[in-house]
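Starting off, we have a lone chain in the form predicted alone, written out as structure tokens.
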């Protein structure tokens, strides 16, 4: 690898910026690219660039398929920063959500200033942040590889966390609560000066509509929605019910 490209890669990794390294296996030429920029001596076609960025988005390394790159063999190596999940509220749903998120590869932090909730006994081995949510968000610095979920139902805790999360590039921001609760939440945030485009980023009520009832089912629905956002999956469309038998 040329020194300039190595320096660019190290800089990106230090800044926790997702990048993908494309290498022509025939001649060794390389290109390093992100969502907007391409560096290096390997020239990629529009189709190859699109495929490389899709690989970055999907976090999948490997060779470009022949239908994309017919005349050469190009290997893509994805360098993504770790996935993170910031959970606001050390509540019972969090006890189900945290291990599921960890299995999915998320590095989890729980924010809750209430010492009776955020304990090592309830969340062994999990980073616990006992600051108020706005201070905690400033400490944790959510980035484009971070999901934020608020679970407390308490506006004093959830609203500051959401306000700060909306200032970040978090790929997923979810807030637990009923449709009515979410409508009131949006009214408060709107009154606090947040715009409609910002409020539209909040997934509320958090989680896919799978009919979840129990804490584990709610956690599962939230994990599914986070994954869909991470992979830029198209919106789910409810299937039509078959006609009743005559």
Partner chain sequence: MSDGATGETDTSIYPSTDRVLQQAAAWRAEGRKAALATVVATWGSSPRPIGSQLAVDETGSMLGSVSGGCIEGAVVTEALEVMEDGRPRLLDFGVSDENAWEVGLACGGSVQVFVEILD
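Worth saying up front: this structure is predicted, and the values here are computed from it rather than measured. Residue numbers count along the first chain shown, from 1.
This protein has a second form, the form predicted together with the partner chain, left out of what is shown; the following refers to that one.
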Sort through 79, 117, 123, 172 and report the residue having a heavy atom within 4.5 Å of the partner chain in the predicted complex.
79
Of the options 154, 107, 143, 131, which one has a non-hydrogen atom that comes within 4.5 Å of the partner chain in the predicted complex?
107
Do residue 188 and the partner chain come within 4.5 Å of each other in the predicted complex, heavy atoms counted?
no
Using the partner position in the predicted complex, report whether residue 57 sits within 4.5 Å of the partner chain, counting heavy atoms only.
no
Residue contact check: residue 181 to the partner chain in the predicted complex, 4.5 Å heavy atom:
no
Can any non-hydrogen atom of residue 36 be found within 4.5 angstroms of the partner chain in the predicted complex?
no
Could you tell me if all three of 113, 136 and 167 have a heavy atom no more than 4.5 Å from the partner chain in the predicted complex?
no
Listed range touching the partner chain, judged in the predicted complex by heavy atoms within 4.5 Å, from 188-196, 201-209, 48-56, 22-30
22-30
In the predicted complex, residues of 55-70 near the partner chain [heavy atom within 4.5 Å]
61, 62, 63
Please say whether the CA atoms of residue 17 and residue 197 come closer or move farther apart in the predicted complex, knowing the change relative to this form is 3 Å or more.
farther
Between the shown chain and the other structure, the Cα gap of residue 10 to residue 170 differs by 3 Å or more. Is it closer or farther in the predicted complex?
farther
